[in-house]
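Single chain ahead, written as C-alpha cells, the form predicted alone.
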Amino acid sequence: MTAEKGTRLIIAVDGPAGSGKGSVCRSVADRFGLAYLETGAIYRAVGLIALEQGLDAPESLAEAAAEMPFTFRALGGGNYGAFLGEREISDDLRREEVGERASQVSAIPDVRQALLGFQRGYGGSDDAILDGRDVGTVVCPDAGLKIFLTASLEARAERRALELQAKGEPVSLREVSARMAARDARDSGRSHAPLKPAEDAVIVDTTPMTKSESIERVAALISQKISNR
C-alpha cells in the first residue's frame, strides 16, 4: 500500500495530549509502511534544550530550533527514537517538565516558523503520517487525510498518569489532570496555530475505545483513503 508514482499521501493526525495519537500513529505507520513523525517531539527537543541551556529569550529559542541536529528514527518493530545528533533523547522527552517547557516554547511564533520546513519535508517522497497539534491546520493544510483524535480530560489524564507511574514517576491523577487542563487551555488559546480540528478533519473520540479499537478505527480511515486514490 505505497504511493502511486508521482503522488504522496500526507496523513495529519492532531489532538490534545493523552488522546492516543502517538501509539495509534506508530502502529499504523508500521502497518502501512509510512514515514512517521511525532511533531510534538520536535518541540519537546526544543524544550529540553531550553531547560539544559537555560534559554528563555524567544530569539535564542528560535535559533536553537533552527539549528538543532534533530532526527526521528525507526528502530524496528514499530518503535521510534528521537535523537539530537547521536544522543538518543526519547526518554528525556517524556519527562513532565520537558512537556511543560515544550508547551511554552511552542507558543512562540518564531519557534514554530523555524520548524515548519522540517515538518513539511519529512519523509521525502514517501507517504507520511504526522501527529501533533496543528498539522492539519498549519503544517500540512493540504494533507490528503486529516484526523482529529480527542478524548475526555478524565480519560486522558488517567492514561497519562498510568504511563508516567509505570515509568517510576511519582505523580498523582489530580496533578496530571491539572497540568493537562492548563496545557489544553494554553494550546487551544494561543493566537498563533491554536489546537483545533481542521474544518475537513475526521473527528475520532477515543474516550470509550481501547488502544486496539483506536488503532483499528484510524487504520480503516487510512485504508479507505489509499484504496480510493
Ligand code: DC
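Throughout, we count residues from 1 along the sequence that is shown. Computed from a predicted model, the values in this text were never measured in an experiment.
Not pictured, yet referred to below: the form predicted together with 2'-deoxycytidine-5'-monophosphate (DC).
*Asks:* Heavy atoms within 4.5 Å of 2'-deoxycytidine-5'-monophosphate (DC) in the predicted bound form: which of the stretches 43-51, 27-35, 167-175, 62-70 has them?
*Replies:* Result for this chain: 43-51.
*Asks:* According to a 4.5 angstroms non-hydrogen atom cut-off, is R156 in contact with 2'-deoxycytidine-5'-monophosphate (DC) in the predicted bound form?
*Replies:* Outside the cut-off, so no.
*Asks:* When the contact criterion is heavy atoms within 4.5 Å, does K146 count as touching 2'-deoxycytidine-5'-monophosphate (DC) in the predicted bound form?
*Replies:* K146: no contact with 2'-deoxycytidine-5'-monophosphate (DC) in the predicted bound form.
*Asks:* Is the gap between R95 and 2'-deoxycytidine-5'-monophosphate (DC) in the predicted bound form 4.5 Å or less for some heavy atom pair?
*Replies:* So R95 does not count as contacting 2'-deoxycytidine-5'-monophosphate (DC).
*Asks:* Is R183 close enough to touch 2'-deoxycytidine-5'-monophosphate (DC) in the predicted bound form, meaning at least one heavy atom pair within 4.5 Å?
*Replies:* Looking in the predicted bound form, residue contacts with 2'-deoxycytidine-5'-monophosphate (DC) include R183, since a heavy atom lies within 4.5 Å.
*Asks:* Quick one: from A128, A102, A151, A82, grab the residue that has a heavy atom within 4.5 Å of 2'-deoxycytidine-5'-monophosphate (DC) in the predicted bound form.
*Replies:* The residue from A128, A102, A151, A82 that makes the contact is A102.
*Asks:* Can you name the residues of 190-220 that have a heavy atom within 4.5 Å of 2'-deoxycytidine-5'-monophosphate (DC) in the predicted bound form?
*Replies:* Contacting residue: only R190.
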